[in-house]
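Consider the single chain below, provided in structure tokens and representing the form predicted on its own.
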Amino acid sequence: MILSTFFGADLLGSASALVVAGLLGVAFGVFLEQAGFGSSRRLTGIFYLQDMAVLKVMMSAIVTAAVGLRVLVAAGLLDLSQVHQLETVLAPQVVGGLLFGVGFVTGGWCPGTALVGAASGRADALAFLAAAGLGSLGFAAAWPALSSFAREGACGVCALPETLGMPAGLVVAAVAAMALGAFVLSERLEARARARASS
């Protein structure tokens, strides 16, 4: 039996899909707060090489999703055409990633964690969300001038196995190995930071 998805059934805009998305979003926010990611100090620790929790969580999520998808596909339970995959558009995604990084460093939040911080009553998170809203309005106003740039470097859905010409299982194994290396490096950096703080 092939698993069905809201995307595969063309129901992403349905009421049931929105309810499920809302419930998942609330659950995600609760787990973020419990993990300490409702604090901008905790989030920005990665930039000072003191607290690498953000890197560990993100790498864990990537590996879990990659392995989970591969297992479901190999078991014949999932057809990847049933899963929404974002199109790769190189120029705007590179620029957007850089802007996101600058915003993360200067503001101490990303949009998702800022919502968690705002729900916890943190004023800096509210300020960050207000600035993000203004930035979105500015982007919408500038859209006529940016619309052509928004398609610069479009190359469709580009998955790593096809792009690299490697079997999907091997790519997943390489990503998992990279994550393991990142965990080891993170532990060493955190230990060094603790040693400096105690000296």
Partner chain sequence: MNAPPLPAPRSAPYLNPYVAGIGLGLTLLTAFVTLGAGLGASGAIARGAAAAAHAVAPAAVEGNGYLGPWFQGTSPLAHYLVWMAVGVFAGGGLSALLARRARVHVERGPRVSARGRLVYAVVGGLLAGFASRMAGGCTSGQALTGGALLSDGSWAFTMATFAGGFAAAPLVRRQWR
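Numbering follows the first chain given and starts at 1. Worth saying up front: this structure is predicted, and the values here are computed from it rather than measured.
One more form of this protein should be noted, the form predicted in complex with the partner chain, which is absent from this view; the next part is about it.
- Taking non-hydrogen atoms only, Val102 approaches the partner chain to within 4.5 angstroms in the predicted complex.
- In the predicted complex, Ser148 stays away from the partner chain, with no heavy atom inside 4.5 Å.
- Proximity of Ala195 to the partner chain in the predicted complex: non-hydrogen atoms within 4.5 Å are absent; the residue sits far from the partner.
- Contact annotation for Leu24: at least one heavy atom lies within 4.5 Å of the partner chain in the predicted complex.
- In sequence order, Pro111, Gly112, Leu115, Val116, Ala118, Ala119, Ser120, Gly121, Arg122, Ala123, Asp124 are the residues of 111-126 having a heavy atom within 4.5 Å of the partner chain in the predicted complex; the partner itself is omitted from this view.
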